[in-house]
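Listed next as structure tokens is one chain, alone, in the form predicted alone.
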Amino acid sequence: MKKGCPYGTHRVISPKGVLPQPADVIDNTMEIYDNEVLIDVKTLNVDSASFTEIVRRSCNGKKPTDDLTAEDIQAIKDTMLGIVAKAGKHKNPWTGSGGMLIGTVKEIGPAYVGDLKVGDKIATLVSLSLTPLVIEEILEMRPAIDQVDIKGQAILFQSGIYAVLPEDMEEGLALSALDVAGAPAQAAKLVQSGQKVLVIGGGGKSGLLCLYEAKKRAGVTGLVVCAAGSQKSEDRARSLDLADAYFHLDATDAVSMYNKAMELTDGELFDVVINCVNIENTEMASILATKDEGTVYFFSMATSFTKAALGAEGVGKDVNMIVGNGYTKGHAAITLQCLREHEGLRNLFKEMYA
């Protein structure tokens, strides 16, 4: 059996010398190296920005939540199969992002170090954009929640993080939450007691979890505000009592977002702004809503960090900007605990995503 690099560089075909994530093409043969794990894949949870772009390009500008025809679904399938056939992984060529998967451990290399056992049901917490993947067949697609059931296999590298699926909740429920586990866990790290916090995209999956964590950390002396993208998503967050104030606004309208932030904070602006949207050109709305020396956490994979950096410079804003790293220590445990602690949140996730 061949020896593998812990970071999976042995799988890179082109360009040579890079890690699997930035690589254009990786080797997706399913014969494992000595430190790899082979997974029988059940479901792919494509990240929201990626799936939205795939649907838009495959279906003449439609959104995942639109009424999609059988021809639309086939076009989406063809796009996904084409991505994997070309790259050996599901790395969206337009957003550069991937998603995650759930499946069952089929085989473990003899040099792999860890607690996994054959038969364990796991969610990989590393991106599909670096995961060797084979899709034999797409069995079912749930576009509104970015989930795709497949028949296929994938490889987990020695360095790849994962979570064994909990026994106290459905697989689909756990998958939907773990897909965005980095967001609420980062909110838990960033938000301190008494702070003013704005969650842009607060009515979406990651936004709702961030609101819950932010409210818990900011406490009774803090202010947590939900900025939703529509009346429907605002009502969704409001029904769960996750924030102190709610509104809906086009997050690409930076000036309107700034004016609303000034109004809600009596001109002080927010200590922490968390951006969870899945569309482009929301960087300046986030930056303008943040006070000087405050923090913006860009969880959205639709973020252009060039636009964020140059935009902040252009308006003279001295803010700390954090890249939306999908991993922080304990993120799986923190996120699943959110669903355990808040019955309404758990029921909503179960209804929408499980």
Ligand code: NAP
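Quick note: we count residues from 1 along the sequence shown, nothing fancier. Rigid core: the largest C-alpha set superposing within 1.5 Å between the two forms. Just so it is clear, the model here is predicted, and its values are computed rather than measured.
Same protein, other form: the form predicted in complex with the ligand, not shown, and the subject of what follows.
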Residue (of Cys59, Met301, Ala312, Met30) lying close to the ligand in the predicted complex, criterion heavy atoms within 4.5 Å:
Met301
Of Ala123, Ile150, Ala228, Val225, which residue is found within 4.5 angstroms of the ligand in the predicted complex when only non-hydrogen atoms are counted?
Ala228
Distance check, Gln158 to the ligand in the predicted complex, heavy atom within 4.5 Å
no
If we define contact as a non-hydrogen atom of the residue within 4.5 angstroms of the partner, is Thr131 a contact of the ligand in the predicted complex?
no
So, in the predicted complex, is Ile83 in contact with the ligand at a 4.5 angstroms heavy atom limit?
no
With heavy atoms only and a cut-off of 4.5 Å, decide whether Asp179 touches the ligand in the predicted complex.
yes
Going by heavy atoms within 4.5 Å, which of 105 to 113, 150 to 158, 243 to 251, 74 to 82 lines up against the ligand in the predicted complex?
243 to 251
Contact set, 322 to 342 vs the ligand in the predicted complex - heavy atom within 4.5 angstroms:
Gly324, Asn325, Gly326
Rigid core fitted, then: does Ala285 show a CA shift of 2 angstroms or greater between this form and the one not shown?
no
When the two forms are laid on each other by their rigid core, does Gly98 show a Cα shift of 2 Å or more between this form and the one not shown?
yes
